[in-house]
Each structure stands twice: as structure tokens, then as C-alpha cells.
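Take a look at this single chain in C-alpha cells; it is the form predicted alone.
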């Protein structure tokens, strides 16, 4: 049953990665630019959970799921700040300007968290308590099951909004053809702010999900943005379902390789695998070769 346990761990890790990658694509589709502060948004979500847990009286334990709404709100506000300060003022300039401003914003977040919390690893409360559950001979941690359920709920809610609501249709219209959407009277600035808020909130939720099991430090953002970028490259540039699938493939690859060797080797081989994917299918699994994105 070791294989089943490893698969469950991979699904849980992939679910958290999927939130990061989907948040990344939400901003990408709305702006056609890459938000390089996205990794720091994940870290900010983890530290938001740490900070909120510190507000609870000493000796009291609070489930991480109770902190989730607060983390979503705080990181959504962070997303609005990124949009207002690092994207909207220069959105009509060359894409490299957005790269630089979002990188700068990410560095500000990293140093701010380092000043506030220190460089030592921190941990957030478990979502629904610690311990394991035995089912059909498979030992599953409560945290892994809670991560999968929470990520599925958030992704399902997003899918409902995008597919079943007027706001979602406006968002998809802006992603497909911004100029036509503007001609139809859709307010692109509002959609952009929504994309940054939702995308960063998803990243913050992932930070909460990951911070208990893997800890969190202010400098983790660079690795996380790379995971999101790789997931998007594998899944297809601009595809939400591709981003989720790419995130799952990354998680299964990492867990599988780490189970027989080591985590550093898994990280190294991941980039080799990405190069091979790009050679075989440069547009990704659900890529859109007819479109060019910044």
C-alpha cells in the first residue's frame, strides 16, 4: 500500500500547487503579463496564517480552516496592492516593465516578512488537526485529506463563477479578446483588479495549505513562482485546466523521485523533464499556439 500512500501525498501536494498555478494563470489571462510577485504571495499567505494564529490566546489551538477566510481576504488585498502599484500604472509600457515592477514588489514583500517574522522557518496550524486515518490498509494524514478537500472546494467555486455567472463570462471575454471586450463595454480595469485579487487569494490559500507540512520562510517565493511557471508551461500557456494538470504532474514527479532518491535530485530532474516536454510539445498539453502572450 506504499504506492497508494505516495499517490495520496502527491495529490495533496499537487492540489496546493494547482492553487498556485491557477492563480498565476488568472492574472496572466487578464493582463497578458507575468506577475513575478506571485511566489511571494504564496509565502504571504503562509505568514498571514501564522500571524492570525498568534492572535489566539496562548494555549488555545485553532484549526487552520478557521483561518482560511482571513488569509483569503488579506492576500486578496495584497493582490489589489500589486495591481495598483506594480501593474496598472505601467500596463501600456513594454512587458519588461511589468516584470521589473512585480519582481521589485516581491522583494519588498520578502524583506517585509523577514523584518516582521525573522528568517527562521514558521509553521501554520493544521487545517483540521493532526494525526492519520486508516482506510483499506492505507494510512492517510488528516492534513493531506484536508488539503485535497479545501483545494477542490476553492477550484470548484472558481469554475462555477467563471462558467455560470455574468462576471465569469466577462472575465473570459477579456482573456480571449481584450479589445473586443472593451468595445462591448466591459470595464477592463475592474476585471484586472479582480484577477489580481482572486489570483493572489488562491496563492495565499496555497501558502496556508503548505505552511503546516512544509513550513514557510520569507525566501521561499522564488521556488514557488518557478513551480507555477513550470506548471503553466507543461499544461499550456494561459490554460486553467492545463495549469492544474501541470501542477499535479509536478507533484507526482517530485514525490515519486524523492521516494527513491532525494528531494534535491527530484528538483533537478524536474527541470530536465520540463526541457524534454518543451522539445516534444512546446505549446504544452492544452496550449494555444495561435496566441502570443507577453
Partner chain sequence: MSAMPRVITAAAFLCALATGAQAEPLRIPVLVPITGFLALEGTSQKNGAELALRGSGVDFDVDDTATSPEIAVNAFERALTSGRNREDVVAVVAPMLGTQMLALVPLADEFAVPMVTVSGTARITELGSPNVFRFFPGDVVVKAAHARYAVEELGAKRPAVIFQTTAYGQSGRAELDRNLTALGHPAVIAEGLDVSVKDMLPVLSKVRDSGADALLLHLHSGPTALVVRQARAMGLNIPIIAGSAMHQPETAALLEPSELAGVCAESGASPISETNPDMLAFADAYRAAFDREPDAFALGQYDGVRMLLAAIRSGAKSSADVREYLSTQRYQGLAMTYASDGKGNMAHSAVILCYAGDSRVPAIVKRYENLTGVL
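Numbering follows the first chain given and starts at 1. Note that the rigid core is defined as the largest set of C-alphas that superpose within 1.5 Å between two forms. Note that the structure is a prediction, hence the values are computed from the model and not measured.
The discussion below concerns the form predicted together with the partner chain, not included here.
Of the residues 255, 30, 240, 53, just one reaches the partner chain in the predicted bound form with a heavy atom at 4.5 Å or closer; this is 255.
Contact with the partner chain in the predicted bound form, judged as any non-hydrogen atom within 4.5 angstroms, is confined among 219 to 227, 69 to 77, 193 to 201, 149 to 157 to 219 to 227. Contact between residue 13 and the partner chain in the predicted bound form is found at the 4.5 Å heavy atom cutoff. At least one heavy atom of residue 111 is located within 4.5 Å of the partner chain in the predicted bound form. Among heavy atoms of residue 133, none comes within 4.5 Å of the partner chain in the predicted bound form. Contacts between 196 to 217 and the partner chain, taken as any heavy atom within 4.5 Å in the predicted bound form, involve 212, 213, 214, 215. For residue 226, a C-alpha deviation below 2 angstroms is recorded between the shown form and the other one after rigid-core alignment. Core-aligned CA deviation for residue 264 between the shown form and the other one: 2 Å or greater.
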